[in-house]
Structures are given as C-alpha cells and as structure tokens.
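Here you get one chain, nothing else, as structure tokens; it is the form predicted on its own.
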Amino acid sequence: MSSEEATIQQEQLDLKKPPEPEPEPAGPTSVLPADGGVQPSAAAAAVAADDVAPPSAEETTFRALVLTGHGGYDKIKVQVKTQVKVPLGDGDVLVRVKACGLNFAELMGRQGLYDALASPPVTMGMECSGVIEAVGGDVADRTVGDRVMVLSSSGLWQELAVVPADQTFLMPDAMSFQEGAALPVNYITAHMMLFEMANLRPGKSVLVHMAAGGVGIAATQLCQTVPGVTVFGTASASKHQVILDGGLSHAIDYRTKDYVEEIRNISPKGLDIVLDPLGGSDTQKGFNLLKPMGTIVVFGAANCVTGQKKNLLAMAKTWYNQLSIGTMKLMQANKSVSGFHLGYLTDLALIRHTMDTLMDLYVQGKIKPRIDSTYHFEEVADAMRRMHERQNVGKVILLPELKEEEEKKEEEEKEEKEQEDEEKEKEEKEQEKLAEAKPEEVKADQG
C-alpha cells in the first residue's frame, strides 16, 4: 500500500456488468434500491448477470470513474451507469457523493500494482463525503440528510453509492465536504501508525517522508498533539515553507541533500520513529536511523511508481533493495519493524474508535485537512498527474459534479454579488449626496 492509503473491505454491487467496449458512454446496468442506492451484494446474487430488467422497472443513471484497464491516465474513464431500483438492503445507506479523495493507492491501482483492487473494469475510490438520501432496514443511527464520510475498499468515485451504515462517519457541522473526503484514509493511517504501532510519547523524534502529502501533513499535525515531539520531514524545497508553517520541525530537500546525513547532523543519536511510504533502500536507511527501542512503520512502496505505467525495472530495484532482517538481528539491535495497510485491517471497532478520536481533535481545532486542489471527474487525469509528479501540498480532491454545472453556479453567484455591489454602491452614493446637502435641503427632504 502507498502513502495515501486504502481502507475497509466492502462489497460494492455492480450487477449486469457485461464486457464493455472502451469507453462506452453508459456503464453496466446494475441494481439500485427503490429509494435510490446501489444494492449490497447479498441482493445482487439474487439477480443473474444476464437477466433483463422488466420494462416497468424504474431506472436511474449516475456518473462514475471506471478503471477500464491497467496503464496510463487514459485508462480511467467517466461512464454513465444505468441501474435498476430495488429495495435497499438491511444495514445499508444510500449516499449522494459530494467529494472524493485521491490516494496514492489509486495511482498504483491504475498501474496494476495494488492487489486490494479488483480487476478492471472497476469503479475506483476508497473515501468520499456526501449526504444520506435513503436508509435500509436495521439502520438506527443514520437518517436521511446526514452529512457523512465513507470508507470502502473501492467503488466510491461515483455520484451515488450504497455502503454499510457502519462504514459511514458523521461529519462535524463545521467540516466541508472537501475536508470530509480528505480526512478518513490519511488521518486514520497516520494516527494508527503513530499511536497504535509506534506508541508515540512526549519528547520523541519522528521522520515523515513525503511530508507535504496527505499522510505527511496528517502525521505532522497529530505529532503536535503530543508535547515535545520533534518532526523531521522530506519534501522538495518549494514546499518547505508550507510544511514548516504547518508544524514540521526540520524540512529536508531529498532531491538535493542526503536526508540521512542531514538528520544525523541534527540528531546524532538517531530517531525514535520512522514512517516509511517509500520502500526499497529507503527502508534500510530508515532502520539504520533508529535509536535503540526505535520503530519503523512501512506502509507503502512509492519507489515502485516512476512513470505513467508499470515500470518493471523500478519494481525490481525496489524489491531487491528492500530491507530483509532476521529476528536475531532485531534482538541485537533492540529495534522493531512494523507494517501497516489500512485496506487489510478488518477491526472495524478500532477504526471507528480512531475516527471518534479524530473527530474530537478536529472539533478542538487540533487537526484540519489541507486541500491542495480540486478536479472534476472529467479532469481525473490532471489530478493523478499532479499527485504522480509530487506537485501537491495536501489532498487532491475529485468532484462528481459536472464542471459546466459548477461554472454555471459560480457565474450565477458572481452575477448575484455584482448586483449586490451595485445596490450597495447606489445606496452609498445616496448617503453621500444626502450628507453633502445643505441643512435646509436636508430638512426639506426630511419634511
């Protein structure tokens, strides 16, 4: 898994998915609940893949981002899915998606490097935010109109999604939909690595690679909730001021300097915790940087992702240089090596507990997702390119809403503001005219 991580396993119904010519304007026909969402897989099994919906069946359409094959940016297409409405399953909710998070895992998934993602064609997306439009049976703690964040293994890059209610999380009133889509994967990943695996305590030192990315910023903010923690971060020089302002103690330009040497100059004894999303030789370097009793948490292999498509040479080099260590050496070094992959974590109670903690921190103002940029579904290639080329500082967000609709909305808001400004200006001129009038004129006007 990579530095922008995946989450809970969830079966996302996509019935009647015949082989699609690439790209079809309309995606496969599947099943929506009668009150408007994607039916869970138990109900899906009741409908054969070659069944044809009766002519009287009500249908709905929605847009989705579908990975049509492994390769470059052109392999992700915007498709319009047509789905038949059937009753919503027990325990499920229908979510109208407002914003989606882009994670590094999706870059790897597009290249065929992410095992947790089903084979194409598949709708991608592991986190989103939106509004509940319908609830199924046995759902007691969610109601229509609730603003929620959602976690899933995939299937959330679409305008409508049905998910188990226990994979949704209520958003604080002050949280925007963009923040809601930016928080779950990055902050759960960072929190569990720091506090569940590495046991972060006051006075410790931490190295955060890719410190300007979603997990990097989340980890930096979470480190600040513990007194006296020193945070080292690697990032390109152009991002240093932003991440230093965000609480990083020491920023290191990994492109022009040897980060190991820089850290040794500042902290000769080494570090207590290293968060490693890179893999390969960087894992070995991180292990060597640890103090006795230190911990390295490996949670990605970003060094495998170089070009647009799968790079076998980069993969081979990464795995050849990967840290390999025996238990005896670990005992002698008094160090620990951990691995974290949110996509394979099935302890939902732990995940929910972590989200509760994160929501408390958000409400207290101690954490806040940084939104780097937003792109509409039609611009997904540009969004992926920005992350792939390490240009982002914070989270890249995808918006299901048609770009034309948002532009129209912005134009209407602009016209409304201009009208308000004109009326305000007119009123101010009237006041100025009144103020400049002679006292007898004022009296006459008021008479």
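What you see is a predicted model, and the numbers here were worked out from it, not measured in a lab. Don't overthink the numbering: it's just position in the shown sequence, from 1.
FYI, the form predicted together with a small molecule isn't displayed, but the following is about it.
Only one segment in the set 257 to 265, 358 to 366, 170 to 178, 231 to 239 has any non-hydrogen atom within 4.5 angstroms of the small molecule in the predicted complex, and it is 231 to 239. Contact annotation for residue 157: none of its heavy atoms lies within 4.5 Å of the small molecule in the predicted complex.
In the predicted complex, the small molecule sits within 4.5 Å of a heavy atom belonging to residue 341. Taking non-hydrogen atoms only, residue 70 never approaches the small molecule to within 4.5 angstroms in the predicted complex. When the small molecule is considered in the predicted complex, residue 220 lies well away from it, no heavy atom lying within 4.5 Å. The partner is absent here, but in the predicted complex a heavy atom of 278, alone among 163, 124, 273, 278, sits within 4.5 Å of the small molecule.
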